[in-house]
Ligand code: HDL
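Just the one chain here, laid out as structure tokens, in the form predicted on its own.
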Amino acid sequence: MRITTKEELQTILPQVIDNTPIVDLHTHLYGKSFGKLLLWGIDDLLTYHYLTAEYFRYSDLPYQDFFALPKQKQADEIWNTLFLQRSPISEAQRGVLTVLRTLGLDLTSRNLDEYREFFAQITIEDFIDQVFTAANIESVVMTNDPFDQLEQQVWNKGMGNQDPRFKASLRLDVLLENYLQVIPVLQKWGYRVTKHLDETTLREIRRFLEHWIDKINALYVGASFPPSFSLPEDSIRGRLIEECVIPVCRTKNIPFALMIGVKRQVNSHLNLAADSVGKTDIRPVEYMCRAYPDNKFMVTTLDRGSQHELAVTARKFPNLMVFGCWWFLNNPSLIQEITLMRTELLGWAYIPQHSDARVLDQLIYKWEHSRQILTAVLTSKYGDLLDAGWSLERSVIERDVRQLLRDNFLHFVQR
């Protein structure tokens, strides 16, 4: 079907974007086999750390008293404070409403017990199917920490890959940021490591990485880093990255994903909500892409200010894939600005979003809202093509959108 007018474009483009299945490259979700690590339902949705942080903007309840409450009571507090005592206009609050509406629940009742009854009557198997269908998700990538005991048990039983919709990635924050603390654990597992990064220790760490990449069939290796992240750097972290992580990723032909810019525990009383954002230096990204041209790097940064420099860097290095609007950037005004800028600099050669979902239900709202933004951006850019006299075909638009929502990632991580 040929598209020659903006009116036709405005009809067809939203249909194409809505109908394109998504591969969500970074989440904190788990398959059913991971048991209680999989969060879902209204109480998990309301006690999400985004909303917890917002709750304490208004509540006088002491931190320790709130976190001592059962999860359902915490959800009651957040619902009353953020949804009943004031209009829920933040993005995290809006997301809850989008989920409830999409699931067919009555928002006019504002009855939390009614919503709980809905979730009590559905099995997790059916709910996973319902969410994946509602959000049109083909697959999601988990964040898998080899040092998490609950996860270890699942992988050691061979149950980690039971649902093919849940892919794995190997998360290395603990190893890279707290290596001295995990030495006894690695030694217990049979790795001959010491605090001295001699050749034996480095070889054993590489063996550990290779083992876990193969064990979980990791699509990539990833870690988050503070704003002070630097390479090259004469530090334990720097040496582990350059002498272990990067060589193993090159051997396995998988990307190293870096999420840079998080300031940890600026207010430790908030637990998971305690982290903040700092300004990111892009020079370490340039260094890695230049020094290791045979490696693949996926990078997202947490602050708004680094986005332009990061996109320009991606123009210079084809082994760099920029992805997503992470965490504090997951707000519609910022996502639209960043996505438009990336499109103008990189064309189709980036990945516009990942959900970062920690609760299964969030796939619904994070992707519905992101699809709306992508529609607005592409309506503008395709409109420019029509103004220039460049005709469009629906099949071409389908191809383009599929690149952004699915194919760019899958092609980049191909092993």
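Residue numbers here begin at 1 and follow the sequence given. Nothing here was measured: the structure is a model prediction, and the numbers come from that model.
The protein also exists as the form predicted in complex with the named molecule; that form is not presented, and the subsequent description refers to it.
Colleague: Although the partner isn't part of this model, could you tell me whether Y50 comes within 4.5 Å of the named molecule in the model of the complex, counting any heavy atom of the residue?
Modeller: Yes.
Colleague: H369 versus the named molecule, in the model of the complex: is there a non-hydrogen atom within 4.5 Å?
Modeller: Taking the distances in the model of the complex, the answer for H369 is no, it never comes within 4.5 Å of the named molecule.
Colleague: Give a yes or no for D44: in the model of the complex, does one of its heavy atoms lie within 4.5 Å of a heavy atom belonging to the named molecule?
Modeller: Looking in the model of the complex, residue contacts with the named molecule do not include D44, since no heavy atom lies within 4.5 Å.
Colleague: Although the partner isn't part of this model, could you tell me whether R342 comes within 4.5 Å of the named molecule in the model of the complex, counting any heavy atom of the residue?
Modeller: R342 lies outside the contact set for the named molecule.
Colleague: Choose one stretch from 374-382, 60-68, 342-350, 25-33: the one whose residues place a heavy atom within 4.5 angstroms of the named molecule in the model of the complex.
Modeller: Answer to the contact question: 25-33.
Colleague: Can you work out which of F147, F119, F132, W326 has a heavy atom no more than 4.5 Å from the named molecule in the model of the complex?
Modeller: Result of the distance check: W326.
Colleague: Could you tell me which one of R264, R290, R94, H308 places a heavy atom within 4.5 Å of the named molecule in the model of the complex?
Modeller: That would be R264.
Colleague: The named molecule is absent from this chain, but in the model of the complex, do R171, S224 and R358 each have a non-hydrogen atom within 4.5 Å of it?
Modeller: Result yes, every residue of the spot touches the named molecule.
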